Every structure is written in structure tokens, then in C-alpha cells.
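Form predicted on its own, single chain, as C-alpha cells, below.
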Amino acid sequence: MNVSTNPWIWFMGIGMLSLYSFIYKENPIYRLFEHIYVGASVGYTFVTAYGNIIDQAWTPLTTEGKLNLLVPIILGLMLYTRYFKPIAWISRWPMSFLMGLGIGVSTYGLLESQLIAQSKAAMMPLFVKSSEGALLLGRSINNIIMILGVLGVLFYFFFSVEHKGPVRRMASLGRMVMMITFGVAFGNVVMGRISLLLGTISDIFGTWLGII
């Protein structure tokens, strides 16, 4: 058993145990470390924001002469006018600019990743052949399953035609594919949480207490 002598390691271990004590019930020690965590997060955010202002705005403007940075700097300063009632209306200009820019970027990203890229990924050949012309059975089966799964999910959400006969069977296939997908997603979440727990146990009993 080799207990760590580093005070920061002790602080980390005590903090982890204090936060996990909420599993039993809420207590003053848990609230203390909760406030410490929130305060440290806010402080880190402020320090990071200040560093970004210096590194990405002030230094390039003063030392490299990048005058084009005056535009985002002025827009950023205009946001703070909302704290002064007589000129609070000025903050609407940079806010509108940020909202428009955010909507444009997010819309492009969503269309590119969730519509165009997925549509391209679903457009695959049913039968895959090697350069010598031989049929690659494994990849062909994967492609067939993928295409049938995509079609089944689309049929499940296609309500213009009554779900009966072949349409109903395809819709049932789509529901099964979605259930499998949700199960895999839930399994990944559980695995992630277990990995986080194992990392915490390793820090407490290994890095701090030296038992493992």
C-alpha cells in the first residue's frame, strides 16, 4: 500500500468521495464540493475567455496590425451595452448578427451531416466485387442489410399509404431496426458511464490510496 503524499491527489480523492456521497443522501460535505466545483468551473471559464481576448484579439491587433479584428471587437463591446438602459438597444445589433451567423452555420452543418452525408452513405451497391471480379459476400450482405434497414425506417414513417401487406412488413422491419439502434445507443451510454466509474475507482484506490 503506497498512499500518495501529493496534496492535490488527496483533494481529488476526497472531492470524488464527497460527490459520490450524494448517492446516500444530500449532505453538507457534498454541497461544499459542489460549490467548489461550480466556482472552479466559472473561474476557469473567465480565465479562458480573458486568454482568448488577449491571444485572438488584442495581441494580433496591437502587434500584427490586423485591423479587421476591430469589427468583432466592436461587436463584442456592443453586447455589454445591454447593462445600460439608455443605450441597451445597441446590443440588439451584435445579437442579431450572432443569431443569424449561428443559424446559418448550424443549418449547413445539420444538412451536411444528417441529410446529405447520410443520403450518400445509404447509396451503396447491393453486390460488391473485388478488382478481380469476384463477389465479396461479406460486404455485399452488409450493404443489403443496410439498404433494407434504411428503407424499412423510411417506410415506418411513411403515412401516406396504409400500413398493410408489404408496406406493413417493411414498416415492422424499420421498427425492429430502430429498436436495435436504440439498444446499441443505450449500451454505449452504459459502457461510457461504467468506464467513468472504473476511472474514478482507479483514481481513488490506485492513484490516491495505492491499493491497486
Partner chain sequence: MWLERLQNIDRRVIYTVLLIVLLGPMIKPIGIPLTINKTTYQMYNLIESLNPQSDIVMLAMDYSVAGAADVHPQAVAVAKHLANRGIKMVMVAFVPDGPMLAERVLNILGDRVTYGEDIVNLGYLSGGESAVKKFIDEPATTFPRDHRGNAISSLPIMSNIKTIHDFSLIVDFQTGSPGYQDFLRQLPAGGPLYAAGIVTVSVPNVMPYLDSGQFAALLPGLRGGAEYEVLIGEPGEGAARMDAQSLGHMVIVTFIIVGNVAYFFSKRQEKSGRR
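Source: prediction; values computed, not measured. Positions refer to the first chain, counted from 1.
Same protein, other form: the form predicted together with the partner chain, not shown, and the subject of what follows.
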Quick one: which of 86-94, 73-81, 131-139, 110-118 gets within 4.5 Å of the partner chain in the predicted bound form, going by heavy atoms?
110-118
Is residue 37 a contact residue for the partner chain in the predicted bound form, using a 4.5 Å heavy atom cut-off?
yes
Although the partner chain is absent from this view, report whether residue 67 comes within 4.5 Å of it in the predicted bound form, heavy atoms only.
no
Classify residue 145 as contacting or not contacting the partner chain in the predicted bound form by the rule of any non-hydrogen atom within 4.5 angstroms, answering yes or no.
no
Is there a non-hydrogen atom of residue 172 within 4.5 angstroms of a non-hydrogen atom of the partner chain in the predicted bound form?
no
Just to make sure I understand: among 85-102, which residues lie within 4.5 Å of the partner chain in the predicted bound form, judging by heavy atoms?
101
